[in-house]
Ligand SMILES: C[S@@+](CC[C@H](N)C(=O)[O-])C[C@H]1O[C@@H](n2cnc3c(N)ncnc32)[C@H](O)[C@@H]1O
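Here's a solo chain for you in structure tokens, the form predicted alone.
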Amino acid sequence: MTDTHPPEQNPEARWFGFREVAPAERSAKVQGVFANVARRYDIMNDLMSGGVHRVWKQVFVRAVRPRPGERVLDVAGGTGDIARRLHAATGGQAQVVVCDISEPMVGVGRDRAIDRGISPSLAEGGIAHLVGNAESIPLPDRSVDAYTIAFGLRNVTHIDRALAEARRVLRPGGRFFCLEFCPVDAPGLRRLYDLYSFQVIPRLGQLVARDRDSYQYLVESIRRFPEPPALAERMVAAGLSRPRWRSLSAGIVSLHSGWRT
């Protein structure tokens, strides 16, 4: 199928970390990364962030404010960490759906939910898990009240397509939320952040997940992700209005939000 999107609309589509690749190759490589790290993914998140990722996720879920009876879609939800927090925030009264392109990650998330006594059925008040691409979500138009994506948008090959899909599945008045790492601007902090990112994280990946290359990619992918003002412009272009962002931890992470009108 012919790619109808001009390259400049999705400049990150040709980058796998710092390596230039064809967009189709990038998608396959990203799937390989998460298939490799699925079982150790949550442990690595704790080690890499010193547990601070839990605070970021708490702030994220408070911003979403899921309500009883709502349907919330968590895209690139992987092991279900965010989905379980969203589910718990309403006492299991919201319908939470996880969608992730990596079948191994989805399997880990489903198993962990079941281990915690959470049904895989929405009809039983549980969390549903789908294997699907953020660029082509297997849900009908205007079918969810809130769309969340945490630390996943930078792994999408065509970000603009994913943003357009977010608008498509959101009901009018629905809310969009994205939590993502950012390139750090402050010179002193940037030097420390780069040193830790490039010297420590890949080594942790090798020791804990037995996979240095996947964590090297994850570190590099942050540097290819658009800065908050640029992402806000792309949200508006996709039809998500009133974009806002909030920096966390001195700009290491940003929380983005918008509305589907």
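Heads up: residue numbers just count along the shown sequence, starting at 1. None of the values given here were measured: they were computed from a predicted structure.
The form predicted together with the named molecule exists for this protein as well; it is not shown, and the discussion that follows is about that form.
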property	result
Partner-contacting position among 57, 40, 212, 29 - heavy atom within 4.5 Å of the named molecule in the predicted bound form	57
The single option of 184, 101, 97, 144 touching the named molecule in the predicted bound form, heavy atom within 4.5 Å	101
Whether 132, 152 and 156 all lie within 4.5 angstroms of the named molecule in the predicted bound form by heavy atom	yes
Options 41-49, 65-73, 193-201, 227-235; stretch whose heavy atom lies within 4.5 Å of the named molecule in the predicted bound form	41-49
Interface membership of residue 82, the named molecule in the predicted bound form, 4.5 Å heavy atom rule	yes
4.5 angstroms heavy atom contact with the named molecule in the predicted bound form for residue 169	no
Heavy atom of residue 109 within 4.5 Å of the named molecule in the predicted bound form	no
The named molecule contact in the predicted bound form: residue 105, any heavy atom under 4.5 Å	yes
